[in-house]
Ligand SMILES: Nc1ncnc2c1ncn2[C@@H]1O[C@H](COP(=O)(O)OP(=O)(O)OP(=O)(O)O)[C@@H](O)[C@H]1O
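Okay, here we've got a single chain as structure tokens, the form predicted on its own, with questions on binding and movement later.
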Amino acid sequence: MKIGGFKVGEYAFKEEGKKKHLVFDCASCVYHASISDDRVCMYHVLYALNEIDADVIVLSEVYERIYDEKQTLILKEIVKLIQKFSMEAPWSYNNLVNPQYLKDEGVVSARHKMIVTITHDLIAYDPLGAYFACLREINREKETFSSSGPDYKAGSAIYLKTLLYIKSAFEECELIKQTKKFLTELKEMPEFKEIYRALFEAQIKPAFIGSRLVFREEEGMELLDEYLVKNSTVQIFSHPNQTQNLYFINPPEYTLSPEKYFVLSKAKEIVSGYTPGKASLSTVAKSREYFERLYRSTIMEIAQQHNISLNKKEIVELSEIVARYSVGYGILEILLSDRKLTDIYLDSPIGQTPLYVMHSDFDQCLTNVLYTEREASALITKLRAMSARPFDEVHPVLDFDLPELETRVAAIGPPLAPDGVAFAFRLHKITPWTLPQFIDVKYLNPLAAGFISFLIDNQATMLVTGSRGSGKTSLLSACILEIPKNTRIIVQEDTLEIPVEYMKKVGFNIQRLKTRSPISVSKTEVEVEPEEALRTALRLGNSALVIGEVRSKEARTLYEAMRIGAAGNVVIGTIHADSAYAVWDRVVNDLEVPTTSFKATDIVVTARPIRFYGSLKSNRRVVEITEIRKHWIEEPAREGGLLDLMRYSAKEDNLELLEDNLKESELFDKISRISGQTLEEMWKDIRMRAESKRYLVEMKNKHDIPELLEADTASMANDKLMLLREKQIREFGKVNYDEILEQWKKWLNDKIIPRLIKK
């Protein structure tokens, strides 16, 4: 169709996250695909908005220019103004003259032409030009009016009234309001293009990338942190009017030159249709490295063919980008590589609001990433293929581990999620937390760390409890590092959160068992039920037993093993509850474990997020270390079965030892009978461990070497302490804990710290 001599560009309508997108195919358009730089482009967009209502405008060629809702609303106001003028016809004869006083047809024709130009012709291409043409005509007519006789003035009054009405109609539009504000900040009048560019600055991204980034620069925003993730800048802001911080990411693919966008698009197009020889991509090229090599060679060829200058570094960067959006996880891959994040959430309907994240330093943050339904659909397809599990209305839950990203993803869809597909990603810490690291962030104090280490070394059965996000699994990982390396460890998980592979690398003898996920609706025969896996674990020989989370029927099997001593060593695990009493209530009443079996638990460690003085920021803390005593029958709280050994004080921000309660402890008597240590010797052992971990933190902060608290060094330091103790036992038959500690500190200062400083 031709309008005014121009062919209107083809456009399509689609809906993303309940937002209506008007997408123009500008690949073969001879005009510049930019509302601010091309009058014809402005005309095409306004013409389309006259036909179709939209929330977002997209001009698509090798890259896309995206005009957001505010910018689209400005354009829609201009369309409504054009429609208003068309209905009211301000160019009609009665709006131009008073026939009683003005008979000059030449004046009437000139006025008619001017009004038509302003309200019909020019407005569709250049609404600012139309507005300023109106202002000039008002000034010209006022000058003529002031120097003319009474007859002309009487005839001119109607024309001036029409012009002023048109001016008033323009000034009700946001475009003119913003322009006036813009002009007050400048000393001289700029070209209209500069004003359009300021008001219609489009977001540019490659056409094959779905996600859109939303940047906001508002008064009062404060930059809290800035760092790089995969060559992408991450900025954390606080907002004066929002309770959550803002997480802004700016990947390089959103700021490339048009030439590089062209190369990226061509490379993706070529490789997507390429099949190497007799083998298929699905069998030969599953590795990311393969595709990146393939894209590098393709990008070099395209650049040479089109005389585009690219150096080796640029070619590598472009190959990584296009691989990320073809065989990778798109912009999610960058977020999943930010190990300061613990969780990423995409709520339904996808595309309506930005995704949000949980940051280890800044809690919940709203991001500037708008994911799309198209990307969500592609991700579901990828997850279905990798997991070999269904995901549909009959099976609306898909729970799967992404080992290459150390992440667990849970996807839900209709009918469970009536507004559409949604995702939750849990990022696992690649290296396990250590007790010294927890001391460093005040999660617990040195004495508590020493106490936990002592209990694990003495084969106590321990449950770590707390709400989601309280750090249960992280503390469980730190507890595993306190198990002597000469002990075999069996770890059972339904979601792979404990960094077992890393623990193997630092010397632990550890075997992982993967069981059926508790939230998955789709069950497969290859998945093993938790209780069956636990029975298998108990047949794997004398091993320490670690249960990622006690959830359901496996609890009975676990407690049966603990009662008869079949586990053969320390047993530790996590469970959702908020106190030792709540653990008993859940284990006995919900999971149907007999009360007598529950008594096999020695210690419950409770963690909880603390909000000091009602602050919006949560601080994770261990709040109780509770002994489960044995001489009670029905209800532990009423019969004195729960003995708090350490309790948290928010006022002091400290986990305090309850010395009076220690006198009633049955656990210390049990350990004394097994180990032969006196109570005094046991506390010397605990305080030695506590001081060693405190000293690690002190040296880390003194020399600024965070590696000192990481799992490889911290476990090595713990091993050394135990070896020095073992040496004294062999040589003297007893232990001088003060002497061991001094020897250990000398070893640390002479051997370990200098090596780490040199790095």
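What you see is a predicted model, and the numbers here were worked out from it, not measured in a lab. One rule holds for the numbers: they count along the sequence shown, beginning at 1.
As for the form predicted in complex with this ligand, it is not shown, yet the points below apply to it.
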Inset, instruction - Report the stretch among 429-437, 83-91, 578-586, 232-240 that approaches this ligand in the model of the complex to within 4.5 Å, counting heavy atoms only. - result: 429-437
Inset, instruction - With heavy atoms only and a cut-off of 4.5 Å, decide whether G469 touches this ligand in the model of the complex. - result: yes
Inset, instruction - Decide whether Y443 counts as a contact residue for this ligand in the model of the complex under a heavy atom distance cut-off of 4.5 Å. - result: yes
Inset, instruction - Would you please decide whether T367 lies within 4.5 angstroms of this ligand in the model of the complex, comparing each non-hydrogen atom pair? - result: no
Legend entry - Contact test in the model of the complex: S543 vs this ligand, heavy atoms, 4.5 Å: no
Inset, instruction - Go through E497, E482, E624, E554 and name the one with a heavy atom inside 4.5 Å of this ligand in the model of the complex. - result: E497
Inset, instruction - Just give me the single entry in S597, Q203, S665, T342 that has a non-hydrogen atom within 4.5 angstroms of this ligand in the model of the complex. - result: T342
